[in-house]
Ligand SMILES: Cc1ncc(COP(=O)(O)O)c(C=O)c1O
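Presented as structure tokens, the chain that follows is alone, the form predicted on its own.
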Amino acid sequence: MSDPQQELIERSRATTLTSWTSQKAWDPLTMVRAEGVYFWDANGKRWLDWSSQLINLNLGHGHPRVVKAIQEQAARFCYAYPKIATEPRARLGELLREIASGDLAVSFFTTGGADAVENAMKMARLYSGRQKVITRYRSYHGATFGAMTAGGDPRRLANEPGVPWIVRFHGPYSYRSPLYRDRSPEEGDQVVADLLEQTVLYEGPENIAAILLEGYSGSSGILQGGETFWRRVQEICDRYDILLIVDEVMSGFGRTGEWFGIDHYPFVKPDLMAMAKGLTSGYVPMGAVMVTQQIADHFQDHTLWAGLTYSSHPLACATAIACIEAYRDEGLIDNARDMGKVLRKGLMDLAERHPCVGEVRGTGLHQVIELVKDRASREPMSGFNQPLSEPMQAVARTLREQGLSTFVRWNWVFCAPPLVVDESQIQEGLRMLDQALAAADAYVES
């Protein structure tokens, strides 16, 4: 008897390549239909989408409003080259101006998050006349050459050296960084920010175009600085006339319970913001860079040396409009905040029962569990940038057996369901996590 799932996997392996792994190690799920927070594989098994695919499917699968918008725009016209003005382009720019943080006012549309970051760095360098961009270790900004160099994620290492003008500093990580040893999180944040300023001085402020930071840390472990850190970042940018680029590719569009992750710190005023993922909820590829009116005015008389064949793609713009309207009309930013509290309480309850849980981090529907072999020593259950350890393999296997789809990376388990999730579905996911953590407890050193 034929196995539909295995047949689909083998056909995909025979003619396509996948990312971030050797092809022999690729052991994919399949998907043949999806709705809301669930999808079904080729053998009919239902999966709870606990990571919103790549933490981008904020509206869940098959949202009718977005599907209808795509259909209607496709019936009108699907493509216009980037120098043509269209109604979806104009309307999306207006909507983004309404919801954007601080003084951000004007948008440049891209095809995804990585090229949004690429173009944000280009614009900062063109506007300032300076070359260097400071970023943090343990960050991720995309997989194109410049964006990959900007990220501190170890996935960049195989393609180094990258662009020569990136400078990194050690960012906040209160649970594990030695900069926080014997210090409170606030005191550690102060040290980290002081070292950032020292880096600025060593590199020469007159050479630094921008500081690039995630508005709320994502795939590098949801490692977030607090108010102390962000106040100092803003002070440093103001003091040395350095632009602040905020990467909201993952944390934007309600993921953290605010429109953008940086909105948790209303005193921060980004000069440029990169976004993607939740912008179209993954339905159509799209990204954007928003800039202040002052930066936009610079390019009234100076050429913007940037371009993409699919910039301002009408189908993508129409999709983004429908997504933003859905977030607003259906109260999904509030739902992310409210369900995030439910999720957080559930995760903390699990932490009390399972000695393998070292820390729970995040906010809204943007949370991660860090697993350890020993709470006192904080020895990780799987090493940084190492193959997945036996206990973490057991965690991943247990989740998969139960039908929960999420990311298990190093010693972290990500918990980031779609913004349409309800309390019963969160409880369903927590029950599955409970079983997986029980498997990890067997490896805790007493």
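The first residue of the shown sequence is 1; numbering continues from there. None of these values were measured; they are calculated from a predicted model.
Below: the form predicted in complex with the ligand, not depicted.
Peer 1: Out of the stretches listed (140 to 148, 226 to 234, 299 to 307, 335 to 343), which one is close to the ligand in the predicted bound form, meaning heavy atoms within 4.5 Å?
Peer 2: That would be 140 to 148.
Peer 1: Report whether the minimum heavy atom distance between A114 and the ligand in the predicted bound form is within 4.5 Å.
Peer 2: Flag for A114 set to yes.
Peer 1: Within 4.5 Å, heavy atoms only: does M250 come near the ligand in the predicted bound form?
Peer 2: Yes, M250 is a contact residue.
Peer 1: Give a yes/no on whether H313 approaches the ligand to within 4.5 Å in the predicted bound form, heavy atoms considered.
Peer 2: The answer is no: H313 has no heavy atom within 4.5 Å of the ligand.
Peer 1: Is there any non-hydrogen atom of E214 lying within 4.5 Å of the ligand in the predicted bound form?
Peer 2: Contact check for E214: yes, within 4.5 Å of the ligand in the predicted bound form.
Peer 1: Scan 276 to 294 and write down, in order along the chain, each residue with a heavy atom lying within 4.5 Å of the ligand in the predicted bound form.
Peer 2: Result: K277 alone.
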